[in-house]
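We give structure tokens for two forms of one protein chain below, kept apart as structure 1 and structure 2.
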Structure 1
Amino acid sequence: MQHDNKRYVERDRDWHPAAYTPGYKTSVARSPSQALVSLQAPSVSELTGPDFRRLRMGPHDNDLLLNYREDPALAGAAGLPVGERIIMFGRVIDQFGKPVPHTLVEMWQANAGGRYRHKKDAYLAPLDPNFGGVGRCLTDDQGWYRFRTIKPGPYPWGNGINTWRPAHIHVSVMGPAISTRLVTQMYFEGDPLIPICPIVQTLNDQEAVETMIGRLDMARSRPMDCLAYRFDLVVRGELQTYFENQ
């Protein structure tokens, strides 16, 4: 992400877990077995990227209650998805509170039953015929983004005998180049599965965990419609949101 060199604050890398973390079983196969190679001469693609200000969005790209039925390849989705309707919103800012405008924020999630619309997801929860589980939007001049969706359900995974992932929404935010794309997850405050999740337990600092928790915001909730959760994304420095790919 871009930053002001005169006011740069180095990221605290102690937040990040070791690549080899046996408690999170898939990290065993994914972790590098040899020393990492530093790219001393980055290519043009690593220094430049798309300008999202002219990206044309669909009318409901950020509304997961409606956008699946509008996909012409999915004719047949006609109703609303099942589940607790929520608003997810926040700002993309730098470490000093300066907004990051006109950047692409993408999100994807499981449905209310905890199942993704993906061919490799074999969880026994049913697919929702009216829910695709993906959305995107651009931040405005002040760095704000907003999605309307349903609250995803937790789901079991094969890390242990009875291991469950907390309800979460995956979030991606683009920097000034493709190589600066950042990915994280938003959990929901108060979820008892958060502290016992093996992935969360790889983090060394509770403050890092707190950066990934969306907070209930009753002022932004819509009466008789949606609860709202605020999730700000800090893209650089000591107050940075924990991102998975760093």
Structure 2
Amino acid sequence: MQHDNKRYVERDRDWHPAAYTPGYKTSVARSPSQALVSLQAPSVSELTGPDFRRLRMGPHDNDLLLNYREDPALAGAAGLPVGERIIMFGRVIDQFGKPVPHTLVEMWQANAGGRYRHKKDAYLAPLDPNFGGVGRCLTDDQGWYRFRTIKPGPYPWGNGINTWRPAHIHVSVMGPAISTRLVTQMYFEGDPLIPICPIVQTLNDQEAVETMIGRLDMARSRPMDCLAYRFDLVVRGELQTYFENQ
């Protein structure tokens, strides 16, 4: 088979959060109690995945300042969302530093006040009539992606008595195969809520936390317009195997 000479670097499951992390209460009943079964010989089932180059994107799919209008009459015209205008950008690379081109990066987030445009979010901070909170794009030839958005606000949630999420943007990346599939969250450099968040604290290793922090990048900001945060995504490294079954 064409794909079976490929492998991905083993996922370090001590680096990633464990399934059972009682500080994050929902994980208690949603974590398997049995060990994962390791597939010793990954097959074409795991070594392939969807290629989204032919998914037709809208012109503002990666621009959250323009891609939502409660009043369609305002589409493309006035009515910008309230909040800190930012560019969020970065590169998708693998563990060997190789760019991952033409891969789908999706993101979703709350508005500037920490409220999600989701029918289940009942937080008292109001919705913004000009903000939806969803974006997607494909990385370019060199693995770069780019969104324009509003910096999300922190919000409270029913975990402890007074638990707040740091400002974050949910990020989903496919990579070249279902083996590289990853969903994470980007946090913002310097946010004092990061070290006290039970979801961040599902990680044991401070260095792993660092992989989730977007960095202020003044060089990519636009004077008198918006700031920029850089967030690179590292997916599992692709290995070629030459001596299988011999």
Partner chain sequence: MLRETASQTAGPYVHIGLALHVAGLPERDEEIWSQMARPEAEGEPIEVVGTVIDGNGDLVRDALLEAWQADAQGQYRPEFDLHKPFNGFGRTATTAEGGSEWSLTTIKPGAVTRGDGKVMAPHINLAVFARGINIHLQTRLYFEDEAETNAACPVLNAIESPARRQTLIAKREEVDGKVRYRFDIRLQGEGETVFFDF
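Residue 1 is the first residue of structure 1, and the numbers go on in sequence order from there. Bear in mind the structure is a predicted one, so any value in this text is a computation, not a measurement. Between two forms, the rigid core is defined as the largest C-alpha subset superposing within 1.5 Å.
Looking at the two shown chains, say which is the form predicted alone.
Between the two, the form predicted alone is shown as structure 1, not structure 2.
Quick one: core overlaid, is residue 205 moving 2 Å or more at the Cα between the two structures?
It does not reach a 2 Å shift.
Superposing on the rigid core, is the Cα displacement of residue 42 between the two structures 2 Å or more?
After core superposition, the displacement of the residue 42 C-alpha between the two structures reaches the 2 Å mark, so yes.
When you overlay the rigid core, is the Cα of residue 51 off by 2 Å or more between the two structures?
Yes, shifts by 2 Å or more.
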